[in-house]
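Just one chain is shown here, as structure tokens, and it is the form predicted alone.
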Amino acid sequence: MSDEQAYEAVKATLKAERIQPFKRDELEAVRSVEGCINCGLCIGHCPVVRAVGVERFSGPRSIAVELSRSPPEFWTTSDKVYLCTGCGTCREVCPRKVNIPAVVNMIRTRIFAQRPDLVPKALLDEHDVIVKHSLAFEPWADQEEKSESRKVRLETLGLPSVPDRVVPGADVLFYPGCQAEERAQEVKEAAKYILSYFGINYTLLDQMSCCGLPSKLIGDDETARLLAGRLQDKVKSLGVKKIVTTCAGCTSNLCDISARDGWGIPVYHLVEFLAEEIGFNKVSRPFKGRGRFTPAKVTIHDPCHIIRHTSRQIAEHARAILNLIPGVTIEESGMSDSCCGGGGMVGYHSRDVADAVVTENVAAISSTEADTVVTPCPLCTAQIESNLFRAGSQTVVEDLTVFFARRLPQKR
């Protein structure tokens, strides 16, 4: 038997036994599990365990243990792995840096491939949307209605309309993400205004396509990699030197796949781009000598995909940018870096768990008596806003991109 025949025989055996080999980029996370010393720190810090108890969610350590079992055994963890928000708190506090979020994704991948009957129905429905539209949200059926909705939002927020730019030879690709493309359109519009305001030569994609993060979180690794490859081809054809996004999840995922697949260009959240590429001096200039500004007392929520999956420095940049705006004062809640419950697709199938996780945030935000909560993530914005509303709070929630754009003085 030749080596090629032996390889095919092994693949056939693995398939028959319903075993999916680890990919090269998964092996580092697999090996990290060997470092677990069963100290239990991850359980003590897990926001889901804290919110719903170990009876409902047994915690990160139990998920790590299951990876060492045979596939038919770790498939029984489906009631656990789909309740993980992927916030990364467990990895952050772990003395051995066991990569639980990556382990969760690997187990979800194997359940999706071998036991799709165990995948929550809401995630399978979302998978169908992504496969059909290459977007994480059902696109507007009526584009004129979408345009009218966008116009009304901009008028309400006092933001100018900036035409979409799809131009060859641009330096920067602005990638808004699925949510800002279809749901939170004001975030995309605010970012376009900011980039234009500071003279950035940017372009949009000719047709928006998902970065693959939702598919990855569902466990559909094939579609996630297909979408990543498709986006890589578009980026390469545009010849841009940098990518800027306003979505925390897109930022972390694009950073990951860019490194994994060798894109060779940096990815920035807009907050990071303002601080590091445009620079604080230029960002502060429009606010100088412009008279009085309306006072605003704000508190901040730091998205997990930024502070734990990308860089905590971005959260510091966010505060620095807010401090440049006259009249803005920051009141820290003490819970700014606690998971909002919106990650990991948990809200799609277990809304009660997602909302239980954000309860502490809502209480902490309310205690600050801030006028506004700002966060550089459309998903966190939606999750916190809906829960504050249900709690009867009058606090406004704004994406940081929108908050900043609304306060940029109009050019004379």
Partner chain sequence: MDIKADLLVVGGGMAGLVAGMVGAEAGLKVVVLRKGQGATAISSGAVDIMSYLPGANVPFANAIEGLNAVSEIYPLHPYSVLGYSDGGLPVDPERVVARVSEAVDWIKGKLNGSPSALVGDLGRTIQAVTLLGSSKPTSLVQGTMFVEGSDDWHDSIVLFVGFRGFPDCNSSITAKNFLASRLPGENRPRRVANCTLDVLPFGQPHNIYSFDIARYMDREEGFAELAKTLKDHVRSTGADFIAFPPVLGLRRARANKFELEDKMGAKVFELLAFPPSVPGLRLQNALESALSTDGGRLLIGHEAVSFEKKEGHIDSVAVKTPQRTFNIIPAAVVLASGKFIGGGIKGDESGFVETLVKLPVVDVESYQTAGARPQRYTNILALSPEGHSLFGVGVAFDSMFRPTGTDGQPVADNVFAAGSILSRYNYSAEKSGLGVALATGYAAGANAADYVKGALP
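Residue numbers count along the first chain shown, from 1. Note that the structure is predicted; figures quoted are calculated from it, not measured.
This next part talks about the form predicted in complex with its partner chain, which is not shown.
Exercise. Give a yes or no on whether each residue among 211, 282 and 328 has a heavy atom within 4.5 Å of its partner chain in the predicted complex.
Key: Per the other structure, none of 211, 282 and 328 touch its partner chain.
Self-check item: 4.5 angstroms heavy atom contact with its partner chain in the predicted complex for residue 272
Solution: Yes, residue 272 is a contact residue.
Exercise. Answer with yes or no whether residue 115 is in contact with its partner chain in the predicted complex, where contact means some heavy atom within 4.5 Å.
Key: No - in the predicted complex, heavy atoms of residue 115 and its partner chain never come within 4.5 Å of each other.
Exercise. Indicate whether residue 135 is a 4.5 Å heavy atom neighbour of its partner chain in the predicted complex.
Key: Heavy-atom contact with its partner chain at 4.5 Å: absent for residue 135.
Exercise. Please run the contact check for residue 43 against its partner chain in the predicted complex: heavy atoms, 4.5 angstroms, yes or no?
Key: Contact check for residue 43: yes, within 4.5 Å of its partner chain in the predicted complex.
Self-check item: Listed residue (362, 33, 49, 370) with a non-hydrogen atom within 4.5 angstroms of its partner chain in the predicted complex
Solution: Checked against the cut-off, the match is 49.
Practice problem: Would you mind picking the one in 97, 236, 297, 241 that has a heavy atom within 4.5 Å of its partner chain in the predicted complex? | Solution: Exactly one residue meets the criterion: 97.
Quiz item: Can you pick the stretch from 253 to 261, 100 to 108, 184 to 192, 146 to 154 whose heavy atoms fall within 4.5 Å of its partner chain in the predicted complex?
Solution: Of the options given, it is 253 to 261.
Self-check item: Partner contacts for 160 to 179, taking its partner chain in the predicted complex and a 4.5 Å heavy atom cut-off
Solution: Heavy-atom contacts to its partner chain in the predicted complex: nothing from 160 to 179.
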